[in-house]
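Just one chain is shown here, as structure tokens, and it is the form predicted alone.
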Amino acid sequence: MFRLQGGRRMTAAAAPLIAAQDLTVRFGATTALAGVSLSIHPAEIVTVVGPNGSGKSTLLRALLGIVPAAGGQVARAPGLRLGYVPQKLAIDPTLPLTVDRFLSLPRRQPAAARAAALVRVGLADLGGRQMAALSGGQMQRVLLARALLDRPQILVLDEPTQGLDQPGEAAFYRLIEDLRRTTGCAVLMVSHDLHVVMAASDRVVCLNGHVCCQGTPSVVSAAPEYRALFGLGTQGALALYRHVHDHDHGGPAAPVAHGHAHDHDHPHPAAGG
């Protein structure tokens, strides 16, 4: 029997795909992560937020086994299939590498599978395009297509919309939500896009070298630990579906986070993280 997660009691039937217990990571004398515990279950979207230098990318790399743990442990489901989308990929502009060829690295993929992956991410006609000629949004979708070729049970995304404009961010996250719905894969992502990502997530983990708080977006946005890190000026966190109202409800004059849903969008400038 696992501990309560987001109000649900996790049983052996809902065993996590990947879980960290008291994970600690050090780089020399510097402790990047201390005592971090979290788990990712099938078909859920979990977003890790935190200020710069809070250990978000380090956490992903430790979960993936790229950096070693100094303490604690990481457990993965047997035969777990992972798909990883990095923050960015630098391509030498003089390197002749088409999208189609890139999708067959490091091992060749069937042509039908490559074509289907590009269709899935909305880039059906870009197989012959040079990687160096892609826009930022196209590059992130190609990286996602490559991750999907392994039919992942969990997608791991490290600030996948960095550098995209707000419409590009929103479109990318809609694609991620659709992939979760149609494939059943879980999603673990690091993001600074509080105004978009919070609404897309089933669970949010607020990190600052350790787990400050975690839970549903509405719970985390109202948590003192979250507000201590991000303040109340997050430029519309939860903006796609929820408001943070700046009016008095008869109590102290402080913004109140409401968990009720809105069926319309309220665009705001991007919030830094």
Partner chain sequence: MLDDFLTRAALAGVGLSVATGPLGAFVVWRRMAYFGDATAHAAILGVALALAADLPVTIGTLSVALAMALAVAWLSGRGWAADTILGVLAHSALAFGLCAVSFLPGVRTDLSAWLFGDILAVSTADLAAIWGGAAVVAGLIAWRWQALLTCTLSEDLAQASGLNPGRERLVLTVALALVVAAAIKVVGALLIAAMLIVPAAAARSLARNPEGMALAASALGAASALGGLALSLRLDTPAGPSIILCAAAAFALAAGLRGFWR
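Under this definition, the rigid core comprises the largest set of C-alpha atoms superposing within 1.5 Å between the forms. Quick caveat, the model's predicted, so the values are computed rather than measured. Positions refer to the first chain, counted from 1.
This protein has a second form, the form predicted in complex with its partner chain, left out of what is shown; the following refers to that one.
### Query
For the chain seen here without its partner, which of 221-229, 44-52, 57-65, 29-37 has a heavy atom within 4.5 Å of its partner chain in the predicted complex?
That would be 57-65.
### Task
Find the only residue in 136, 122, 86, 110 having a heavy atom within 4.5 Å of its partner chain in the predicted complex.
The option sitting close enough to the partner is 86.
### Task
Using a 4.5 Å heavy atom cut-off, state whether residue 153 contacts its partner chain in the predicted complex.
It does not: once its partner chain is placed as it appears in the predicted complex, residue 153 has no heavy atom within 4.5 Å of it.
### Task
Although its partner chain is absent from this view, report whether residue 171 comes within 4.5 Å of it in the predicted complex, heavy atoms only.
Residue 171: no, not in contact with its partner chain in the predicted complex.
### Task
Verify the contact flag for residue 146: yes if a non-hydrogen atom of it lies within 4.5 Å of a non-hydrogen atom of its partner chain in the predicted complex, no if not.
Flag for residue 146 set to yes.
### Message
Can you work out whether residue 94 and its partner chain are in contact in the predicted complex, taking contact to mean some heavy atom pair no more than 4.5 Å apart?
### Response
Residue-level check for residue 94: yes, a contact with its partner chain.
### Query
Even though the chain is shown alone, can you say which residues of 95-109 have a heavy atom within 4.5 Å of its partner chain in the predicted complex?
95, 96, 97, 98, 101, 102, 104, 105, 106, 107, 108, in sequence order.
### Task
Verify the C-alpha shift of residue 93 between this form and the one not shown: is it 2 Å or more after superposing the core?
Shift at residue 93: 2 Å or more after core fit.
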